[in-house]
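To begin, one chain is listed below as structure tokens, in the form predicted on its own.
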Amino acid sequence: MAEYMSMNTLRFIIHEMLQVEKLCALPRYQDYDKESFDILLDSTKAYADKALFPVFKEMDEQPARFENGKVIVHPSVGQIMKDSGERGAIGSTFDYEVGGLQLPHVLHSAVTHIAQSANNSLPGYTGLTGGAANLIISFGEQSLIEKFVPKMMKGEWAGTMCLTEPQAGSSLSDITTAASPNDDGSYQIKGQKIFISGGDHEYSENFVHLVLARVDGAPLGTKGISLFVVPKFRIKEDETLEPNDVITAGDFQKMGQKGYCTTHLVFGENDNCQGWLVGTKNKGLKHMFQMMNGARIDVGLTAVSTATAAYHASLQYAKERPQGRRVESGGVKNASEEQTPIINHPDVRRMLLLQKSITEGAIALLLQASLYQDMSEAGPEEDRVRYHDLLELLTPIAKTYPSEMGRVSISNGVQVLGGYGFCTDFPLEQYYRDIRIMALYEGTTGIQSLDLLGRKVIMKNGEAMKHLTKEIIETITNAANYDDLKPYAEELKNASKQLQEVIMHLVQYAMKGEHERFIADATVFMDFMSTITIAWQWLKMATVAKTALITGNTTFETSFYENKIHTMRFFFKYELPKIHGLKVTLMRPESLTILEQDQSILA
């Protein structure tokens, strides 16, 4: 079977770079050890090989669709829901008290990476169910938890998040779905939601929708939004189910991720849709952000996993495809020689190294962010706020960089295959289609960029940025202990200074009240800061690899560690220098994209 990810690279990041075994010293994770983590990784890979990867292409060829009022999906959806429920995978990070495994988030992300590299559609069904269940556990009354969560964790019922509406799009302040109080404490729900991933299919007995709606008389804008549990079927007193006036109006046909259904739901068409308030009235968006932030990490994981699988497909092709001959001294080719595999051509190696540097740098960042989540929830009390702030700062980057640069990575993979990359004979074209949605899911790149610059960078007067700078300085200091890494440590140090310089330049507009000017180039800033952040991750990996080589404390072959250092050098030569051009753009005084009433530039 073709390889779709590297278990050695995953173990290197988990065990040698992040040293996740240290989590086992914390009370929450004391039941785990390195051996149990490895057993989990190995069993997940075995399951992915058997149940996920074999149907990846088939699910694209037999897409989710709407027929006769029903959403039809691939039978493997039912199998993964059943298997995940039996294995405890849906609520793996939850407390023991609610049936969870108390697995560290970083290990959950690692196993998710394996599964999503094998098949980027299937894990979404279980992931959303777990996220919805966690939201009910976190903010719902005990009666709601007891009524819905157990069956969700068993994989018998599915969960979704319902935010977007046809007229509002990403502007949640404009949603109009209404909630009117009933005498029994429930609410009548009426409205429509679109782009609901995993919103309906035949393999779940019930769907527990987490719906944002506006209670009658609520304030306008986001301050008037509440959160409700709205099941497809209500539970009667005898525990049987009855329709709850939740109608599936259709399934959107997409250019990629065709095995992952995306539904249009109508609530209360017959004025008989009941929902139950979750948490505090008018605080629904704040509550939902818990699930949204988790979903953003998941989207980043899906993106990097898709790009990782594409890289390994490109690599395999490049090793096997003979074409042309290497240029000898004097600039000539010997036509009498056999053709050489294309992996030996410098430009092909450049494209492959770009894929490798993007994907491995991104998965390192995502696992780093997941470790920060573990430390923010279970670490020493005095450190939890710091780790939470780091997670908040890195989340928009961890979602956006894999989504945007993962697409660039796969595009290079298509190029490696040449004409075959554009054909369905090989999976690159599917990976290329699949990843395009990631920059749109759970807040577009533009929204993530506004969040990064407009909120996260300046929150708490820049406290989170100070924590990140300290982390980067620690990596620079460690790298500078090795002569051959010193130049790269200096480059990252200079890049970090440029990051601070650009932030100070942009913040001056906010201080002057020119807020639109402050955020106008937020997406350019996202590209700028993301590149520096990934460079930090690569220098960190290279330093760990160098230490292993020097001390002889190696788990893998010497070449594995040397390759990590080589890929870091590639990133610093080909990717990190891009920040200089981005800085010029960010520092230029012109405001060329802000609407002027007397101009019609785009007419």
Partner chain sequence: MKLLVCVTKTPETTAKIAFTANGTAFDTNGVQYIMNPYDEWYALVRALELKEAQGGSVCLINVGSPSNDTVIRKGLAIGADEAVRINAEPKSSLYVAKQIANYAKSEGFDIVFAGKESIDYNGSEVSAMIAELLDVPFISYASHMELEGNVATVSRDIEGGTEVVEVATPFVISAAKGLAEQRIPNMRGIMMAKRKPLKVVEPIAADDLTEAVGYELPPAKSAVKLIDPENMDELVRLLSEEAKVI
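Quantities reported herein were computed from a predicted structural model and do not represent experimental measurements. Numbering follows the first chain given and starts at 1.
The same protein also exists as the form predicted in complex with its partner chain; that form is not shown, yet it is the one meant from here on.
- The stretch among 63-71, 44-52, 565-573, 541-549 whose residues place heavy atoms within 4.5 Å of its partner chain in the predicted complex is 44-52.
- Taking the partner from elsewhere, E58 is found to have every heavy atom lying beyond 4.5 Å of its partner chain in the predicted complex.
- Not displayed here, its partner chain is kept clear of K493 by more than 4.5 Å at the level of heavy atoms in the predicted complex.
- Using a 4.5 Å cutoff between non-hydrogen atoms, E242 does not count as a contact of its partner chain in the predicted complex.
- By the criterion of a heavy atom within 4.5 Å, E338 is counted among the residues contacting its partner chain in the predicted complex.
- At a distance of at most 4.5 angstroms from its partner chain in the predicted complex, none of the three residues T164, V211 and D383 contributes a non-hydrogen atom.
- When you look in the predicted complex, the only residue of G446, G88, G221, G454 with a non-hydrogen atom within 4.5 Å of its partner chain is G88.
- The contact with its partner chain in the predicted complex, taken as any heavy atom within 4.5 Å, belongs to S92 out of S76, S92, S411, S186.
- Annotation for 551-581: interface residues with its partner chain in the predicted complex are T554, T555, F556, E557, T558 [heavy atom within 4.5 Å].
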